[in-house]
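Starting off, we have a lone chain in the form predicted on its own, written out as structure tokens.
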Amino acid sequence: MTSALASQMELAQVVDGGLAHVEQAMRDATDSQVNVLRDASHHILNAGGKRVRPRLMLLTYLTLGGTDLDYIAKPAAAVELMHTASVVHDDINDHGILRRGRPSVNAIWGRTFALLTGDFLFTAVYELMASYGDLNVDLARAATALVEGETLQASAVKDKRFTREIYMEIIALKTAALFRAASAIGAKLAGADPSQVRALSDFGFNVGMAFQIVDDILDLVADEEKLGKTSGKDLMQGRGVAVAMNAGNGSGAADPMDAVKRKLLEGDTLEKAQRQAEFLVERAAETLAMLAPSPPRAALEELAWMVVKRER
């Protein structure tokens, strides 16, 4: 076994250990005395998920020399809970019945309790971040951007002005901003200098943009069993990458689902979107050049490419 391989194996163990701390922090923060809040929260958390955002924060922290997994567990959990809260609310708005391979909170407990569970998850973020001072600003900005992005998306659909430019603005707000915060917080917790914080923030932002583009591609082409959530809802509701890339080309959300899919798959819409996602990951990888080579840095780049190569 080479020393490089040994380092990679050791890193994997460290990251797995860090994510275990994150899982426990999330469970502790959602252990409500109100049964429905606890049960619904643990239902969605126990379903797992990719945990890309906390993994991104952990790897950023390790890349810049951080070592204390207890110290970073709560901020990483806060980022994941903020994302989880948003998907619980999304399933209310989108009538999603499947999430992470399980029935959604909305499908089991209904709209009212799903709304309250999402609210509860958001409030748990405050508890987790209470002792982290100015880092709350990074997460608060991401939370504001998330809500702005979701609202802009709903307005664009309502007003029938879902263009490529608006689509990119939406995903920058509703997805990439939280990825940026995860990287920025990880860098700051590691004591990074301002130039490193900027570079890792840019890395996270570009990875987040690529992540959402690929997510929207998968919403169109992946089957629900593989995807783990209700598929096709973005296209049917007049939003998502396929609608944006075809704005002005005569393909609307009012068409039957199969007819729209057939039309889109005949052209190069999805190929263009995939190429754009890969370009964003290439830009992200370039920002890592200022850092010394190391197993954590290599793992960060691998995470970025996983985002565009995934099938779910």
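Note that residue numbering begins at 1 and tracks the sequence as displayed. A quick note: this is a predicted structure, and the numbers were derived from the prediction, not measured.
Below: the form predicted together with a further copy of the same chain, not depicted.
Figure note: of the listed segments 169-177, 201-209, 187-195, 69-77, the one touching a further copy of the same chain in the predicted bound form, with heavy atoms no more than 4.5 Å away, is 169-177. This chain is displayed alone, yet in the predicted bound form one of 36, 270, 285, 47 has a heavy atom within 4.5 Å of a further copy of the same chain; that residue is 36. No member of the trio 7, 42 and 61 reaches a further copy of the same chain in the predicted bound form with any non-hydrogen atom inside 4.5 Å. Contact annotation for residue 217: none of its heavy atoms lies within 4.5 Å of a further copy of the same chain in the predicted bound form. Heavy atoms of residue 122 reach within 4.5 Å of a further copy of the same chain in the predicted bound form, making it an interface residue. The shortest heavy atom separation between residue 93 and a further copy of the same chain in the predicted bound form is within 4.5 Å. The closest non-hydrogen atom of residue 115 lies within 4.5 Å of a further copy of the same chain in the predicted bound form.
In the predicted bound form, 82, 89 are the residues of 67-90 with at least one heavy atom within 4.5 Å of a further copy of the same chain, listed from first to last.
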